[in-house]
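Below you will find one chain, with nothing else, as structure tokens; this is the form predicted on its own, and questions on how it binds or moves follow later.
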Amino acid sequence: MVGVKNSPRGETILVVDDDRAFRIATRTLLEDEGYAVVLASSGAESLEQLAEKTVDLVLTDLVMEEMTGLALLAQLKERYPDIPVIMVTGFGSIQTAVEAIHLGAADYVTKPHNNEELVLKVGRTLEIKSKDRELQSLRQAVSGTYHFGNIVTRSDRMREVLTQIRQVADTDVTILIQGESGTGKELVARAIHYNSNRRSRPFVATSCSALSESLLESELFGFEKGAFTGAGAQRVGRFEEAHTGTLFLDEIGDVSSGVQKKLLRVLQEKTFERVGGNSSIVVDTRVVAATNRNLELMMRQGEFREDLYYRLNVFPITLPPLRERVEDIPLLVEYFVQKHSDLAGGNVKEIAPPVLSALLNHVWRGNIRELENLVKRAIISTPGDIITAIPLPEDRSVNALRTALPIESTESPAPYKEYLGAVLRDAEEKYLVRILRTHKGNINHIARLMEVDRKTVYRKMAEYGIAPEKYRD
């Protein structure tokens, strides 16, 4: 391998000083502590290094001839505000170092420095940076949005998925999530990450279907300056961004054969080169992939590499479509109404029973994503506090609503309570039939899912003339 020495800690420090002896001694000290070190003899050279390399911390002398440490600090804060800076100063310039702290430096050390003090301050500064990144990640996760409890379900199939997440979250194995579009594959990937020992590290998501082969390769692995027309500076790829964390590769089935080959290598060896580069980069990145395609069939047809398939499919998780977990629709609707009620100023509180009945009879080709989008649309267009209408897609809306609601006639309408009772009985009967079919007439399971006793289930079936043995294998 060539290039910057790999750091066991995964962090790179740029040392800037016009004193060669200081640069060499500091590099030796920091490399002994496990850091990767880049050297620059001036402020101008340090800016050139930063344009080409990813750096986690800058350690710079305060007094330099061509560009002072304060001038360099100003440039760094403008161009790279997330990179912390530690100033190195002589005893006679401590007041200037204090001024540098006010201007945005993270800390300062005096020259000649105490080695233990320098190592301590470097470690502390990087730890603070790591905690800031962790806090940002947690804020983006919306205070636990991806904890198990917020994957809303009563379905046995989904409870099995939650069990699988618990089993695999704290391991480092590669996971393949399979399921139709809109079933919540990224939600599961995030649940795995935020319940793993990598939870404080980055979660990086990339859609493999949204980019061409060349763009996807650059997106995943990054590129060097001048690698192609328009590559004016080095760019870090998604694998490096997710170092020590989790990389979620959505729609992995759409990846070209060329990118498949590079993915196989990084999964096997944990190394790769940026586009246009020769230096091998080592990463500790956990991969969670997802697809709505049948990768096994694609493999047999020669459209997907067999070796990559088995590398990805170490721990498969299959998500059921919404039509196979109909008992979750009322829960999901309630959850989405609460989640998005602010779209209408928090006024919308619930959904009318006839509308829920229509939703229970819909096919849901777009699964949970379609349901959430329809609920959001309904909240925005609802003038009161109860959703009284949800326009379903054109090909299903008429049939669904006709099934859910009594047919209009020219006679006087029935009283509201009688009308509502008829709608609820119709919805209840269809719900019972669906849940019996889904769970093959298993009354114990059905009673638990409905949160009632077995006697109530049998009484309801008798009321509607439903025979459970009809649905058993």
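Heads up: residue numbers just count along the shown sequence, starting at 1. Keep in mind it's a predicted model, so treat the numbers as computed, not measured.
The following text describes the form predicted in complex with a small molecule, which does not appear among the structures shown.
Using the partner position in the predicted complex, report whether Y80 sits within 4.5 Å of the small molecule, counting heavy atoms only.
Residue-level check for Y80: no, no contact with the small molecule.
Classify K339 as contacting or not contacting the small molecule in the predicted complex by the rule of any non-hydrogen atom within 4.5 angstroms, answering yes or no.
Yes - in the predicted complex, heavy atoms of K339 and the small molecule come within 4.5 Å of each other.
Report whether the minimum heavy atom distance between R369 and the small molecule in the predicted complex is within 4.5 Å.
Yes, contact at 4.5 Å.
4.5 Å heavy atom contact, N292 and the small molecule in the predicted complex
Looking in the predicted complex, residue contacts with the small molecule include N292, since a heavy atom lies within 4.5 Å.
One residue of P84, P354, G222, G184 in contact with the small molecule, assessed in the predicted complex (non-hydrogen atom, 4.5 angstroms):
Comparing distances to the small molecule in the predicted complex, the residue within 4.5 Å is G184.
Could you spot which one of V266, V152, L211, L118 gets a heavy atom to within 4.5 Å of the small molecule in the predicted complex?
The option sitting close enough to the partner is V152.
Would the small molecule in the predicted complex be within 4.5 angstroms of a non-hydrogen atom of every residue among E324, E350 and Y431?
No, none of E324, E350 and Y431 comes within 4.5 Å of the small molecule in the predicted complex.
Of the listed stretches (163-171, 308-316, 327-335, 232-240), which one has a non-hydrogen atom within 4.5 Å of the small molecule in the predicted complex?
It is the stretch 327-335.
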